[in-house]
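Just the one chain here, the form predicted on its own, laid out as structure tokens.
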């Protein structure tokens, strides 16, 4: 009998009254909802339903039998002791089902509540879709709610601020053009103290690889650029980084529902690589950025696949080890466990490749359970962590199941959690702190840099 079945029975045996939902105060949601009129709500919803969704949404809404098989896939449902309002089907019923059934004739309070559910109680992780007998894509349905909320101006303040940064600077952290170049030169100087001949090539036309990162790296995690430069140098690859906007591959607009801005961001990113005549884009360790470049932004721009091949860091590291371009001096000895990020595991299938890299660099690897495509989400992805401090407690308490999963791995000896994704790092860091798990958190690049020969 699996742990999931045991937990399921415990949940079903409990007969309890769940506390009522209380809206979390947020300026973006509250002030946005105050400006709405019934006419604007209805016309906006009808425009989205008539012009953007087509038969796909209608089929999903009509097909859902509310059977509840998706419930036990959801970390929010588990972490709230089986409260049905947190189940994927429950969230659909409280939001898009009502919107479609009433043909947009809903009020401002409804929109405000639906927006809070869609932005802060669903990570769009698609784990639920794996267990739906009809294969309904609930993440798509929640994204449709977010799209409507964006067009109505009812978006959590913090993530909307990030989207504004994207629109003004083409990166999510308001990094100015000269600050970006200064950050790269700073990391080159730091790395040159270790390897004097190391350089971070800027604007190198015809380089095999354009290396792109997310906005927080130059702002908060500049050491990751340093480490990437050392890895690139020691592997002897032909690479470059852009000195112009287009270097940031992140995309919170994808998660606010601002599809137009998502398209602008991806257009600039792809055109930067095309201008430099690079053969492919290699991305740092980020899940949502990969989703945006490989699966959503490219399609908004009418490309079935990206116009330039895109390689996630996990694929790139695996390639370097298989081609013996990196040699390990001494493997990492602390016992590690691996978190499977949703967007590059369920969304791309890189789970075995990640394990290949972990086993190349670590001596003692302890699996979490469940794992691979069945792994529980970090509860930070899907833009949820970017809704900011007002929703931090909801996010962390909504993923107690992840804390239990980490604790079980720790009980087997794991001391370090490897999470090859920025949002996963942020989410797991909060969970580890909140539940006092006392585990270290690392990127794959952190360990590769530590153990490689140079």
Partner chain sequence: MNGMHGWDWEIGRREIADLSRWKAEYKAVHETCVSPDGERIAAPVRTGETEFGLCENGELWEGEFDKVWYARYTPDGRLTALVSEMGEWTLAVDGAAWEERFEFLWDPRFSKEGGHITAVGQKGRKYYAVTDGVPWEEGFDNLTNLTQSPDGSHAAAAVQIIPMTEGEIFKFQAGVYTVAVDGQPWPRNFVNVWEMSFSPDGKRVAAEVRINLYDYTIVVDGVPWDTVFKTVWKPVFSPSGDEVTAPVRANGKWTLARNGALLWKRGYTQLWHHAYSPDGSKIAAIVAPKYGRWTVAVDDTPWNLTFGDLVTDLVISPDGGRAGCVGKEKERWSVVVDGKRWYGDYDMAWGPVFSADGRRAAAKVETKKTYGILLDGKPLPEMDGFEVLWSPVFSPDGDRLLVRGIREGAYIREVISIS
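Positions refer to the first chain, counted from 1. Keep in mind that this is a model prediction, so the values were computed, not measured.
The discussion below concerns the form predicted together with the partner chain, not included here.
Contact check for 188, 238 and 278: all three have a heavy atom within 4.5 Å of the partner chain in the predicted bound form. Heavy atoms of residue 27 reach within 4.5 Å of the partner chain in the predicted bound form, making it an interface residue. Though the partner is left out of this view, residue 40 does reach within 4.5 Å of the partner chain in the predicted bound form, counting heavy atoms only. Residue contact with the partner chain in the predicted bound form: residue 327 places no heavy atom within 4.5 Å of it.
At a distance threshold of 4.5 angstroms between non-hydrogen atoms, residue 95 is out of contact with the partner chain in the predicted bound form.
Put simply, of 126, 291, 204, 355 only one has a heavy atom within 4.5 Å of the partner chain in the predicted bound form, and it is 204.
The listed set 109, 178, 194, 323 contains one residue whose heavy atoms approach the partner chain in the predicted bound form to within 4.5 Å, identified as 178. This chain is displayed without the partner chain, yet in the predicted bound form the stretch 164-172 from 375-383, 164-172, 334-342, 283-291 comes within 4.5 Å of it by heavy atoms. The single residue of 243-257 lying near the partner chain in the predicted bound form is 243, the criterion being any heavy atom within 4.5 Å.
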